[in-house]
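Subsequent text provides structure tokens for two forms of one protein chain, presented individually as structure 1 and structure 2.
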Structure 1
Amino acid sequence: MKQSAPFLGLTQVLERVRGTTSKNEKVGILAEYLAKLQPSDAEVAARVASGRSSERGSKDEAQVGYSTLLDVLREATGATEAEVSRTYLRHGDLGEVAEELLAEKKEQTLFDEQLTLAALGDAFAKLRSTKGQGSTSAKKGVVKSLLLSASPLEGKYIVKVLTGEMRTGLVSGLLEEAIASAYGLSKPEAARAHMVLGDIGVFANRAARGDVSGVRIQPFRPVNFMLAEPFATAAEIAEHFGRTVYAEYKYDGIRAQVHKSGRKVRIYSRRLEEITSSFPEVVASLQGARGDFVLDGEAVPFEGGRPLPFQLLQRRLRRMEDFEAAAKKAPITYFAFDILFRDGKETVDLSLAERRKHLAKVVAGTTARMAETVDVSTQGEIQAAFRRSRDLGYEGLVVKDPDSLYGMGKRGSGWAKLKEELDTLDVVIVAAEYGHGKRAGVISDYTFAVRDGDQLKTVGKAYSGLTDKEIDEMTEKLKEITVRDFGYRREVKPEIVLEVAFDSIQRSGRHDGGYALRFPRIKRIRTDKGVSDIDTIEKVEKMFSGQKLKVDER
């Protein structure tokens, strides 16, 4: 095998990518670089360029907390705590702090050995496999030795990847384009292979090998989920489809892709993370099913023929209680609504009507269930199905075109969702404050933001909606991810996603998004979503003008 390429080359390329706002130029620069790499290097480079240190779908992440990284930076550069926080205040980005501190490093270590992409990949693998007791100090050791052998520019990107904050403007679509262009793939070919492989690094590796045409869905390689388009009324849905379609309950649980091969079952979340150990009942219910398959569905807390409140799932998801306690509180039923692969063949290109026939055969005889479907066509029928769903305790409806294919990763027009409360937004916490009175001593006020391109813009502050227990847990978590501590107020790494309901939207000079949500209430903590899944300022603007329209009409 050829020698692995130096990591420095990639960091220089990423700097050039950051330096231009032209999407074409970003793609061109990266494509030219990738084309020269051997497959295993292309894998590491593409993954790093996407801001990840581990393969999507892997159970283990190379997570290193902010406070650990700050410690390591001090140790590796000899900087004092005050120096680090001064530098941070200037940049607001830990990667750039690393670059500056490494450049001024007091004990300059001389290194003649260059850090290669392969060595970087190995170090990330080591971080992933370091778990349990003593793992923090072992991880520190790995990061420290990486930083000691890194140039300032390399240090910057190592820290950027470990904090998940690349800010190169290289969204996944552009990376996909660069890989397509580097290895001579058409756009649709690249899109499909990327979708099926899930991970950008694995995709780059296969593309570099010239081995993309044979890429197929296979068990234990999660693929991106099909998403539904939101509609405000039954009338709009009836008009959108204009014919007889399926209405399914919108189950309120956790989206789960269940893969089975032989007797082995694995479960993946909407973010393509493995969550098998959180749902042993789902494993048990499908282990005995016939054949191999990949199913899409919802893991729902369900008892006595009715759904239980979603909140009962939260602790289980954060692995805060043992399984027996969790199962007693909220036993799970898996409601399957789709099938992507069965016995060696993809089923995504069959119609939904055909897919449901396959699904029925797989689920028969197990304790998993198929999502219930009724045929609807008129506004009245959709409205009636919606009412029934709400009366039974479901969230609403997902209405589906029986002829539609499974659009991996697409918010397609084939699926339409109807919920009671339209006015919720998915936002991320960027800062938090200690509460008052009964809430003194706990961090209970959360400032939240939506996305604006690759930036975050604040649009409100939420105080209510969580239980005392949840606030205690939140307090702990927020302390862990604090970036700047101002005493009563903390800035935190943007990673906790909340779904907030609110009464209306106002223009506001107090938040840098230019809007403020009125009376925001936390509906739930969306552990299934990451910062890239949150809503955008465009959506806020759209809701704002929609609401104005309604007021004007009145």
Structure 2
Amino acid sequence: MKQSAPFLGLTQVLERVRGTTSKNEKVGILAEYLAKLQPSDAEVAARVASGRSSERGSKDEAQVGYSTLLDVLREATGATEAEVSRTYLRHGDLGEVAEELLAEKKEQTLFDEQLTLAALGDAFAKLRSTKGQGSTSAKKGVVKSLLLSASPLEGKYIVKVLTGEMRTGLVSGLLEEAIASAYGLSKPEAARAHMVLGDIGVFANRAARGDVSGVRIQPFRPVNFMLAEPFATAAEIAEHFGRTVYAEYKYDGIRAQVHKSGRKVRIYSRRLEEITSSFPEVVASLQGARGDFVLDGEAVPFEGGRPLPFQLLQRRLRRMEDFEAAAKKAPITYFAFDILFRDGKETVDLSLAERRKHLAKVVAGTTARMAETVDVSTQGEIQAAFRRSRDLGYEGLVVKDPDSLYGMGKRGSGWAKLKEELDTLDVVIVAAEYGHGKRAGVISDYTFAVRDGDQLKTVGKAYSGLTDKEIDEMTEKLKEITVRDFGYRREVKPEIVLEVAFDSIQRSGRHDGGYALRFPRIKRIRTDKGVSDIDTIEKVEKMFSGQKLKVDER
């Protein structure tokens, strides 16, 4: 068998890719490299280039945390904690830290063997399979062995993959294009195969073997979900479609793709990761359904005919309580709204109206439910459906063209969504942190507070909504008003007022205000306001009390 290619060659290619802003050059550089690899190496190389250590849809991940990687870097290089901290502040990227520190590493492996793509793939597989008691120590051993045998450049990309912070500019579409170019595939052929196979590594392997023409959707191989185009108003949606369409409640749960073959059922998240163990009720609800299928829908905490707060679902996903307790607090109902495959045949190229007929037959007789749908055509009908959805405690509305096909991985014009923000709050920044990656060296994460009498109480943290220019200006200002500097984090004088929007409020012990804003984002910097003008904890409490769905995270 042909010897596996050296990993160093891939890292050099990724450096070249990273060094150019031209998309065509990125594609060309990677395509030229991939074309020379055997299929198994092409699989590892493509997956590493995408920043993953495991196949998409796999229930096993490497799961090596920052703290573990920092420990390994200190052990392998002899660097002190202070040296690692200073290096991180300079780069804001743990991969760059690894490259710099490994150039001075104190330990060496006994045998100076070149690291190959196959060996790297085996090491990642070992990390994924290491579980249970003593797994942290075992994983440290695997990572340390890798870094000791790696050159500084190889170490950089090993860490980048394990932290999910590649930043080479190789987005999924460019990787797909490079694989198509390397192995002589047309763009439509490549797009279809990649979409159905789900994982870039499996796609590269099949393309290298000339084996993509027969690729079809099949159970237990998740595919990318279709997404809805956001609209601001009911009027815009009515004008967009200009005809009678379906309106569905926008469920506030977990988007879930359910695959069934025989009696076996698996569930995949929007990130194509297996989440079956988190939802035994969904498995039980569809295990007895007739035939084999792939469904698209939402796992929703639901009881008494109404949705429960989304945060209860998060507790289950984070393993914050056992399933028996979780099921009592947040029983799950699966609302199915589409079907992609049924009994050996794809259904994605059928109209939504036809797909719903298939879906109804599959769901019949199970405890899963079809998404509730009403026909709408005018602005008034859409607005009325939206208000009904909000009054029942749902997020909003999804409006769909009955003739639309299922566009895997696309934000198609056939689906539209209408959401509504809560009111905004005026808050003041009391602490801030440096960002990482492209935000290395700038202060981009802001902890904010509201007034509680003559005190300030924190209620959240925001890091989105500002332009790069605003972040640069904010960095300089925050440095000027720093009270205590902890290196990557600093406390600041409460002077900068922000207007923040958010989806909901929950009780929480994470902040001393006793509440946390869900998905906060900065709408604008309020230079016209001072700390005396910000909102109060009483307003936060009133907004929380006014929500139809309430959750106490404590």
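The term rigid core refers to the maximal set of C-alpha atoms that superpose within 1.5 Å between the two forms. What you see is a predicted model; the values in this text were computed from it and never measured. For numbering, take structure 1's sequence and count from 1.
Annotation: structure 1 represents the form predicted in complex with adenosine-5'-triphosphate, while structure 2 represents the other form. For Ile537, the Cα coordinates differ by 2 angstroms or more between the two structures after the core has been superposed. After superposition on the rigid core, displacement of the C-alpha of Thr527 between the two structures amounts to 2 Å or more. Positional change of Lys461 between the two structures reaches 2 Å or more at the C-alpha, relative to the superposed core. Superposing the rigid core and comparing between the two structures gives a CA shift of 2.7 Å at Glu83. Here Tyr446 exhibits a Cα shift of 5.2 Å between the two structures, evaluated on the superposed rigid core.
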